[in-house]
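Take a look at this one chain, the form predicted on its own, written out in structure tokens.
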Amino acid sequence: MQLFFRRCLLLIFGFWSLGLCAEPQPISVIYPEANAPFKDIYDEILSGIQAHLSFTPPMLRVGTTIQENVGAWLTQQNSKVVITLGSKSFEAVQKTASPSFSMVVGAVLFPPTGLDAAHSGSVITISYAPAPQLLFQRLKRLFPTVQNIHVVYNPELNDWLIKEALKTAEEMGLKLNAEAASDLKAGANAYKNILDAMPSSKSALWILQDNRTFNEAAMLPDILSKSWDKKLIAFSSSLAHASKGVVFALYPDNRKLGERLGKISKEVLEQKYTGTRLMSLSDTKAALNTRTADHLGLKVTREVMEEFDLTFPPQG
């Protein structure tokens, strides 16, 4: 009789445990279906999220999933915080869900648009744009004589980033000359004027990831050619630009970005988050083009190399 009673208790406990496992978690994740190399990027971010949280959050991959399924899944989860990766994931949530939860957005270059009043106060975004402070600090370490930084930007997309950059430059004793451009034609003219007038030793050109003002295929070769001929310093917020000739670039550390998304989500869940609603990327890696650095007169010592995660051309 006692054995039977113990077995009943074990069965009851087992069903109770399964029920607990099936309970929705307070934080969930939505991310896009993607092929390599983008799949690898999302996998790194997801591993960082899971590493920081004390549980494995439920995850939904958005690809061919219709919007109604996204909404139904969110309702089923009943999570308090939803992490979305990429603009498609954010849009799927924005179009289908009620503002009954907070959102933490990552793996997007520009801040989300189209937020209604109900959502606007509950969305926190980490942009893929590297923090100006990290870029300018790296620039000053490599080229201490630089005093002026030139940049072309689209106000609709990057006004927030330029405001941050202006504040950072002032704090560092630098002058940031930001040229607003509304389209590719205006952007091309702005880059031409900057390169024509830019002195070589005390100025640098910062290239943003901004497809409204910068067409990489059409404009980057000309910028690199002119900067090489005049020995002008050009640095970038895009890893691809370092491989093609700018002297250095910062790019996302996706694993650490995931950890930060997890950290912020927990703080939001516990009502302890005190940061901003939109921030540039502080979790970065760095790439150096050693050929361009040598051409600019920078002595690439072992100590300099150790500050970079990638070098172009690849060493060894």
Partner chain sequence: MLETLKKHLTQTSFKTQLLLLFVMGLSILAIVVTLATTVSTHYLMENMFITRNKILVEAFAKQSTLALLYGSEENSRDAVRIVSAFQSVEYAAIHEVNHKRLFEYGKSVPGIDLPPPYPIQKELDAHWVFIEPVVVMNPIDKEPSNGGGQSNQKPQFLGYVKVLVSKSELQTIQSTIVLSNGLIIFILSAILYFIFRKLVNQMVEPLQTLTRTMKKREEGQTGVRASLQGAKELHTIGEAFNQMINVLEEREEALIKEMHSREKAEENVRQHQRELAHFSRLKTMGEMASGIAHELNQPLAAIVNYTGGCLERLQTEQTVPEFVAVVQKINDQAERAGAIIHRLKDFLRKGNAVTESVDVRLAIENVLKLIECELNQYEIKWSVQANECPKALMDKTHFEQVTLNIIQNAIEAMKENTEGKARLLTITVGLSGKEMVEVSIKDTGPGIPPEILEKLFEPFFTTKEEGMGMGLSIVSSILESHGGRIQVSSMVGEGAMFKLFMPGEGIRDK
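Positions refer to the first chain, counted from 1. Since the model is a prediction, treat every value here as computed from it, not as a measurement.
Missing here is the form predicted together with the partner chain; even so, the following discussion is about that form.
Put simply, Asp283 is far from the partner chain in the predicted complex: not one heavy atom of it is within 4.5 Å. When contacts are judged by a 4.5 Å heavy atom cut-off, Glu33 counts as touching the partner chain in the predicted complex.
Put simply, Gly86 is close to the partner chain in the predicted complex: some heavy atom of it is within 4.5 Å. Heavy atoms of Asn211 reach within 4.5 Å of the partner chain in the predicted complex, making it an interface residue.
Contact check at 4.5 Å (heavy atoms) against the partner chain in the predicted complex: all three of Ile41, Lys192 and Asn215 pass. Annotated contact segment (heavy atom within 4.5 Å of the partner chain in the predicted complex): 181 to 189, selected among 181 to 189, 143 to 151, 75 to 83, 168 to 176. Only one of Phe235, Phe136, Phe110, Phe101 comes within 4.5 Å of the partner chain in the predicted complex through a heavy atom, and that residue is Phe110. Contacts to the partner chain in the predicted complex (heavy atom within 4.5 Å) from stretch 220 to 257: Asp222, Lys226.
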